[in-house]
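Read on for two forms of one protein chain; each stands alone as structure tokens, with the labels structure 1 and structure 2.
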Structure 1
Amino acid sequence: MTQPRPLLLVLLFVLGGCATPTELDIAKQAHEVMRASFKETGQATLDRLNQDLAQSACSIPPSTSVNKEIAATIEKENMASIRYPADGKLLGDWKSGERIAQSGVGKQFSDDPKNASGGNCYACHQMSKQEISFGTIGPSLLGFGKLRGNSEAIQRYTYGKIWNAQAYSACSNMPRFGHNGILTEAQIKDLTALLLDPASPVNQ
């Protein structure tokens, strides 16, 4: 972060090949129109419409990829944001992880912020043989730990990926669960265990 943000943003549009002033104008107008078109309800405040670097860069179609320079900047910034647990333990309880992976509540204006959010991993990933109701936006994670092993490096990757997916692939469609405060450290440990513990349904 050596440059001030607006400059970086302009640079981004230039590098993104969408440098025409009208494109920028329309993006700005769209943002103004959106600010006027939503009302704050419960926990869903209007500042949710303010974008960070990754969000604004990944809003240019197809929105899941950007050029190499921007991707590298996004990945670097997001990598720097990952907070590993102070106690150094990355594996929690896979049974609790399974419940978190199943739960889709959290962060909607209709949700009670007092309740813990879920990860809703099954919305996008196949994760176990028992659960046939899984989505396909993300790759299948069936057998994840069996395939990757349980080394320190794999644990750190898995925990870090769930904390901030865009540290490893800019503009990923996967939410940045730790970075954006959707899930807690303890919940991410439980999910890491779900993916890596040999006893978890993921690895049967």
Structure 2
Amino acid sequence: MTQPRPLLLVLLFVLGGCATPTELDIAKQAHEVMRASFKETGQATLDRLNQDLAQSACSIPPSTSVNKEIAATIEKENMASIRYPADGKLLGDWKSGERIAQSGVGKQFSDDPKNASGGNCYACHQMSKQEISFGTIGPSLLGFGKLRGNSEAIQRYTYGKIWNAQAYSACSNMPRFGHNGILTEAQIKDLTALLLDPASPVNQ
């Protein structure tokens, strides 16, 4: 993650009518409180408090009213950050993808950083008919590939959405898995296959 650009944010939000100077002051004070109280432990280091433009913009209340110009800027910057596989292959193994989707380990101070992180997708989405417990923060993904097909354009969209959701929807609650190094390229290929492969439980 990169440091925020305070002057740019002030111009975007105050001139854009999305936040008052008071709201900006409150956001700045909140950030200072978090930095003062956050204690580094293991892989959970202070650099996690550094925000890029998207994080800063979406953290200033009310984030739900980010205007179209700012949203377009966020999406354009994040779209440019997506790194598609050099080999051109976007689909991996859906069975591996299912294991990644069900795993919530990784990036916590108590996790070994040498081990692969999981996607914890079931915390926000329903992904199979067999699941009796799943999150509802995100939409159901049942039939994702069945509804959309498996064209190259859909593969690129799905891979890109997992890599960096804010490229498609500014201030999305979905983690930017590739952008923030949570998941590897191979893992994102496997998740893309989980969503699109006709044999995957997502599409049954």
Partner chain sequence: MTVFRTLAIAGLLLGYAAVTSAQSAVDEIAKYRQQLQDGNPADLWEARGEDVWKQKRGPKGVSLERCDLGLGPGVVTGAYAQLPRYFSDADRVMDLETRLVHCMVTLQGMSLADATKRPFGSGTNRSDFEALAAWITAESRGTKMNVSISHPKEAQAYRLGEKMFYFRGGPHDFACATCHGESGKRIRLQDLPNLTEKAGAQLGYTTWPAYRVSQGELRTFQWRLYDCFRQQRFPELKFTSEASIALTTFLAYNANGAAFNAPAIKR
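Basically, rigid core = biggest C-alpha set you can superpose within 1.5 Å across the two forms. A quick note: this is a predicted structure, and the numbers were derived from the prediction, not measured. Numbers follow structure 1, counted from its first residue as 1.
Between the two isolated copies of the chain, the second is the form predicted alone. In the core-superposed comparison between structures 1 and 2, the C-alpha atom of L49 has shifted by less than 2 angstroms. Core-superposed comparison between structures 1 and 2: A27 shows a Cα shift of 2.3 Å.
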